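The form predicted on its own is given below as one chain in C-alpha cells.
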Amino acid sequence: MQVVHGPILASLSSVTHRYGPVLALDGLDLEVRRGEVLGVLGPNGAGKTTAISLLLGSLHVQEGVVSVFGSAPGAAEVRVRRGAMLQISGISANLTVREHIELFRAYYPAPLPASRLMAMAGLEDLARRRYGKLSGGQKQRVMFALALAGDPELLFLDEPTTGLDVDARHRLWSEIRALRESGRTTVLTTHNLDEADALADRVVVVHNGRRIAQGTPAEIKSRTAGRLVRCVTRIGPEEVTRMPGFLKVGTRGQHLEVLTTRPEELVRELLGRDRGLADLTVVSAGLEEAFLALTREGKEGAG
C-alpha cells in the first residue's frame, strides 16, 4: 500500500474536551493528510467519537485548536467540501432511497449524479424502496451514498461496514480505495481491525483521550513484541491466562490462539501440559494483537 504524505487537511492541536467531570480528550494531537485513508482506532470510551465530532463542527472546541481546510470545522465553506457517514441518523423512514439521495444532492453545489451514488453503494435495485423497509445493512449502504452526495474532498466514515455481508463489505472497501486513488481523503473509525489493516495508509491509536501510537499498519504491528501462538490442544483458555506473558486468549475452530510476549516460554508450558498438542504455529502479531498490546500498556501506564 502506498504511504501518503500530503498536506494537512484537518487537525486537532492540543485539544482537551470534558463532559462535566469526565475527561474525554487530553491534549490530543491528530492530523489528516490529503489523499490518505486514516484509521482512527481505540477502545470504547477512548475519545474517538469526540475527536470526530469536533472535526465535524458538531461540538464546541473547549481547549486547543481544531481546523479543517484551514477554517473552523462548522464553516459553510467547509461543510460543502466534506461528507460524513455516522452511526446515528434522523432521516425519514417514509422516503425512498432515491428520494433521500436526491434530497441530499440538493444541499451541495456540485453533487455526484444520483445514478453514480446508487452504483457506488450498490443500491440500484433498492431505488424505490422506502428507507424504513430496509435491512440494517441496506441502511448502511444508503448512509454511505448520502455521505458521498456532495462529491466530498474529505470523508468521515464511522463503522461503515456494520451489518454488511461479506460481498457488500468488500464492495464498499473497493469504493474507499477508489476514492483514495482519485485523491480524496477518508477518516475511518472502526472496531474491525482487519478493515483498518486492509484500508488504512496510516493509523492513529487513541486511548484515554490521548494518542498513544501512530504510523502505517506495518509500523503499528512492529511496535508490539507480542506473538500469536496457535495450536490444537486439550488445554482450555482459562488455564492459559496463568501462563507466561499472557495478553489474550481465544479459540478459532479447533485451534487455541494465545497472544503472548513470551512465546518460547508459553510453548514450553503448553507442551509440558499436553503431550498430544498438535498443529503448532507461532506468528507475528497482527494489527488486532498490536492494538490490544498498545491499549493494555496505555491502561497500565495510566494506573
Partner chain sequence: MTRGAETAGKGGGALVQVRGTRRLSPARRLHIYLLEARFQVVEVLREPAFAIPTLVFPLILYLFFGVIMGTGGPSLAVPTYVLATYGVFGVLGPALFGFGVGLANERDTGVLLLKQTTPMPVGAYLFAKVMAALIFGTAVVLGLFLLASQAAGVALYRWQWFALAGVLLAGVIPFCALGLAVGAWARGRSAVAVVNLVFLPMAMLSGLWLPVYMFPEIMQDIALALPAYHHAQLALKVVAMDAGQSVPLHVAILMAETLVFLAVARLGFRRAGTFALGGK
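Model, not experiment: these values are computed from the prediction. Positions refer to the first chain, counted from 1.
Heads up, the form predicted in complex with the partner chain isn't pictured, but that's what we're talking about next.
Colleague: Verify the contact flag for R116: yes if a non-hydrogen atom of it lies within 4.5 Å of a non-hydrogen atom of the partner chain in the predicted complex, no if not.
Modeller: Yes, contact at 4.5 Å.
Colleague: Is E153 a contact residue for the partner chain in the predicted complex, using a 4.5 Å heavy atom cut-off?
Modeller: So E153 counts as contacting the partner chain.
Colleague: Taking the partner chain as it sits in the predicted complex, is R184 in contact with it (heavy atom to heavy atom, 4.5 Å or less)?
Modeller: Yes, contact at 4.5 Å.
Colleague: Would you please decide whether G64 lies within 4.5 angstroms of the partner chain in the predicted complex, comparing each non-hydrogen atom pair?
Modeller: Looking in the predicted complex, residue contacts with the partner chain do not include G64, since no heavy atom lies within 4.5 Å.
Colleague: Among the candidate stretches 256-264, 231-239, 270-278, 54-62, which one is within 4.5 Å of the partner chain in the predicted complex when only heavy atoms are counted?
Modeller: Among the candidates, contact is made by 54-62.
Colleague: Heavy atom within 4.5 Å of the partner chain in the predicted complex: which of R180, K221, R227, R169 fits that? Just give me the one.
Modeller: Going through each option in turn, the one that passes is R180.
Colleague: Taking the partner chain in the predicted complex as the reference, which of E77, D165, E159, D194 has a non-hydrogen atom within 4.5 Å?
Modeller: Flagged contact: E77.
Colleague: From first to last in sequence, which residues of 93-126 have any non-hydrogen atom within 4.5 angstroms of the partner chain in the predicted complex?
Modeller: Contacting residues: N94, L95, T96, E99, E102, L103, F104, A106, Y107, Y108, P109, A110, L112, R116.
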